[in-house]
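Next up is one chain by itself, shown in structure tokens, the form predicted alone.
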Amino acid sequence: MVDFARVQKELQECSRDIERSGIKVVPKSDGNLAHLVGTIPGPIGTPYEGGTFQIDIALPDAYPFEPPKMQFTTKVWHPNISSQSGAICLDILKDQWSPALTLKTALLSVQALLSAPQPDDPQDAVVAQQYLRDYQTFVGTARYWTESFAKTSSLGIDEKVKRLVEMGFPESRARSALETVGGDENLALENLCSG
């Protein structure tokens, strides 16, 4: 059974430190602490700088003794992240997990992975090959994907809120749903309909 008291404590820790770390973790839907959404800022000095990346977090029943299952919902071009599914190749999310680690430390590790790709242990072989053989094209593609999928202008959010309001959802819920999923209108709509 998931240790919900610990999860609650971890969420509070993330909330207290959000201004400094930029890392946010919230329940995906009201009251369900076993399914969360993490948000990390793209690291400065990388092609991901300026982007906001959403990560789906599912906690197994044995958490914290088993690692959380994490995958990007924001599309990202990176050798250790699947460009198709968002699956993440990171040792602490597999065999190097320890109950001493937290959701925040796991997300900080994912953020560090964005800064330091490991193309010799890839999740996405095509991206890894590009990284190794044509680094400038890799950087350009990663930057383009960040601009296309990980950045939202406030104008874009307002337009999306308006569309959701026109569908009959209250403005505050529509805005909150969009912020939770990083501006992805389809995911926000899905969350609004299911919750």
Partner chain sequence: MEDDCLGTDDEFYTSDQEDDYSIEGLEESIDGLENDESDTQWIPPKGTTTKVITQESLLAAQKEDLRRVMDLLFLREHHARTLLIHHRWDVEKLFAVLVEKGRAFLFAEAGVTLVEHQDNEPLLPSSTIMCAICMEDVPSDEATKMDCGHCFCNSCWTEHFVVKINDGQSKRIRCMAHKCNAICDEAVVRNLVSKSHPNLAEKFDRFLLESYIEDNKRVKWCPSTPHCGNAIRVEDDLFCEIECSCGLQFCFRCSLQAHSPCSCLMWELWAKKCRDESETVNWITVHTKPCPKCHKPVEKNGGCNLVSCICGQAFCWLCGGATGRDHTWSSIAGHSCGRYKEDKEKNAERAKRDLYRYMHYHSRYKAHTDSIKLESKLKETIQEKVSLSESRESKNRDFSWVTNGLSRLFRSRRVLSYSYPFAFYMFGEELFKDQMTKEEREIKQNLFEDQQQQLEENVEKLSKYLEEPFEHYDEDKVLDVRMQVINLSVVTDKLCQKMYECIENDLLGSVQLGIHHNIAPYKSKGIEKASELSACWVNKVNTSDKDLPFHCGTNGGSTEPEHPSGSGSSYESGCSSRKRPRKEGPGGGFFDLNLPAEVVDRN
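Here the structure is a predicted model, which means the values were calculated and not measured. Positions refer to the first chain, counted from 1.
FYI, the form predicted together with its partner chain isn't displayed, but the following is about it.
> Tell me, yes or no, whether Ala125 is in contact with its partner chain in the model of the complex, where a contact means a heavy atom of each within 4.5 Å.
No - in the model of the complex, heavy atoms of Ala125 and its partner chain never come within 4.5 Å of each other.
> Does Pro64 reach its partner chain in the model of the complex if we count a contact as any heavy atom within 4.5 Å?
Residue-level check for Pro64: yes, a contact with its partner chain.
> Wondering, does Asp120 line up within 4.5 Å of its partner chain in the model of the complex on heavy atoms?
Flag for Asp120 set to no.
> Do Glu190 and its partner chain share at least one heavy atom pair within 4.5 Å in the model of the complex?
Close contact is absent here: in the model of the complex, Glu190 is far from its partner chain, nothing within 4.5 Å, heavy atoms only.
> Considering its partner chain in the model of the complex, which of Ser83, Thr73, Thr102, Ser115 comes within 4.5 Å of it through any heavy atom?
Going through each option in turn, the one that passes is Thr102.
> Taking its partner chain in the model of the complex, would Ala5, Lys9 and Gln96 all count as contacting it (heavy atom within 4.5 Å)?
Checked in the model of the complex: all three residues contact its partner chain.
> Out of 33-41, 65-73, 164-172, 140-148, where are the residues with a heavy atom within 4.5 Å of its partner chain in the model of the complex?
Comparing against its partner chain in the model of the complex, the contact stretch is 65-73.
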